[in-house]
Structures are given as C-alpha cells and as structure tokens.
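Consider the single chain below, provided in structure tokens and representing the form predicted on its own.
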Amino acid sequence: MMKKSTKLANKSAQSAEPASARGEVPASNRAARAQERRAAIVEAAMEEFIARGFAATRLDDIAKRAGVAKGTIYLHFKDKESMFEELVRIVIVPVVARLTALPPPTGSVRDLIEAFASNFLKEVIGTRRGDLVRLIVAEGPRFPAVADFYYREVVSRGIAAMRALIELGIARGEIREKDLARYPQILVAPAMIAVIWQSLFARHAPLDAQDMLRVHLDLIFGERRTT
C-alpha cells in the first residue's frame, strides 16, 4: 500500500511540474508553431499561384517553398481550393472590409466614392493583391468554385456598398441617372480596368488610374466647380 501511494504521489508531483520541466512543449507554443506553419504555407501558396497560375500550381511546390512536408499541408487545408480561399480571406477580404466600412455620409457622395476608389487603387494596383485579382479573372472560368467564393466574399460586398452610395446620391440629387443604381458595376469599372491594364499594357501605355477615375466621376456627377 505504501509503495502504491508513493507512486501516486510521484505521479501527481510530476503532473504538477511545468510542461517544459518534463521536456514537453507547452500547448500555447505548439499552437503558435502551427500558426506559423500555416502562415508560411499561405505565403508560399500566394507566391506559387502568382508565379505559375492556379491550375499549374502543385502542392509539392508549395510545400517546398514553405519548407514543410507535403503531408503538413493536409493538416491545415483539405485541397488547393481551400488554400486559395484562405489566401483571399487573409489578403483581400480585410481590404474590402475596410473600404466598404465607409464613414457616415457627412460630405458629398462623390467625395465618399472618390475616397473608396482612391484607396482601392492604392491598396490593390501594383501590389500582390492586384496579382491575385488578375489571377481570378484569368482562371475563374475554369474553376467556378473559386470564382463563386471570390464573388461571395469580395465582389458582392463591394457592389452592395457602391449601390448604397448611388442610391444616396440619387436621393440627394447628386446623381441624375437613376438607372445607375441597377448597375453599380459601372461605378467601379475604372478600378477593374486599371487592375487588368497594369499587367497587360502598362509597359506600352502607362495609365494614370487616378486621373481616369476623376474623368469617370465627372461623367456621372458633372465636372467639379472651380472657384
């Protein structure tokens, strides 16, 4: 009985010791390392997708770039599509959330739309985000699940925000063409043109996206009055 009690006491004492003292990795450290590996995989996936395209990217290439075993990827993602979705959530969705969280409309609707579009140009054009958008435009038709996800998470939010601003502009008398609310895509067309133009034709004919936006808004709201 004494020996059994001693063993139980020793076991209890060992369990009371810190995990590090027993040679174990604390759960918080394991979680942090797992998160670091996941982030490395997502970063590697972005580089591979942009360099090779969605269809040509292999999980082996992503694993090699991330410095992990291929099996490690499956601990975090079930397939290439889910990995791409995670990439969109991390890289693009927060930007859209910031841009669509517009302040109360104390100024003119044009000012709000101009601020939205200007921030979009700054945060997307010429950045990795722009490369991802172009990738979706190029390969989305071949991978409808990816295109559908991007529409739900990104496009639909931006369109809803633009429609709300257009309706406010119509109500205030700032926008005369009421049918514009049916086609909010028209409002953001210059931003999409700039994204595509940047990769295809900028070396032949550089595009001043900011000035193009100004001209576009002049067509919708009328030219700004100068005093």
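Each residue number is its position in the shown sequence, starting from 1. For clarity, a rigid core is taken as the largest C-alpha set superposing within 1.5 Å between two forms. All figures in this text were calculated on a predicted structure; none of them were measured in a lab.
Quick note: we don't show the form predicted together with a further copy of the same chain, though the next part is all about it.
Candidate from 180, 164, 59, 40 lying within 4.5 Å of a further copy of the same chain in the predicted complex - any heavy atom: Checking each option against a further copy of the same chain in the predicted complex, the one that comes within 4.5 Å is 180.
Is residue 71 close enough to a further copy of the same chain in the predicted complex to count, meaning some heavy atom within 4.5 Å? Contact with a further copy of the same chain, no.
Can you work out whether residue 185 and a further copy of the same chain are in contact in the predicted complex, taking contact to mean some heavy atom pair no more than 4.5 Å apart? So residue 185 counts as contacting a further copy of the same chain.
Proximity of residue 150 to a further copy of the same chain in the predicted complex, heavy atoms at 4.5 Å: Taking the distances in the predicted complex, the answer for residue 150 is yes, it comes within 4.5 Å of a further copy of the same chain.
Quick one: is residue 130 in contact with a further copy of the same chain in the predicted complex, heavy atoms, 4.5 Å cut-off? Outside the cut-off, so no.
Are 32, 67 and 99 jointly within 4.5 Å of a further copy of the same chain in the predicted complex, each by at least one heavy atom? The answer is no: none of the three residues contacts the partner (heavy atom, 4.5 Å cut-off).
For the interface check, one of 32-40, 165-173, 192-200, 59-67 should have non-hydrogen atoms within 4.5 Å of a further copy of the same chain in the predicted complex; which one? Going by heavy atoms within 4.5 Å, the stretch is 192-200.
Where, within 109-147, is there a heavy atom within 4.5 Å of a further copy of the same chain in the predicted complex? Residue list please. Residues within 4.5 Å: 134, 136, 137, 138, 140, 141, 142, 147.
If the two forms are fitted on the core, does residue 80 show a Cα displacement reaching 2 angstroms between the shown form and the other one? Yes, the C-alpha moves 2 Å or more.
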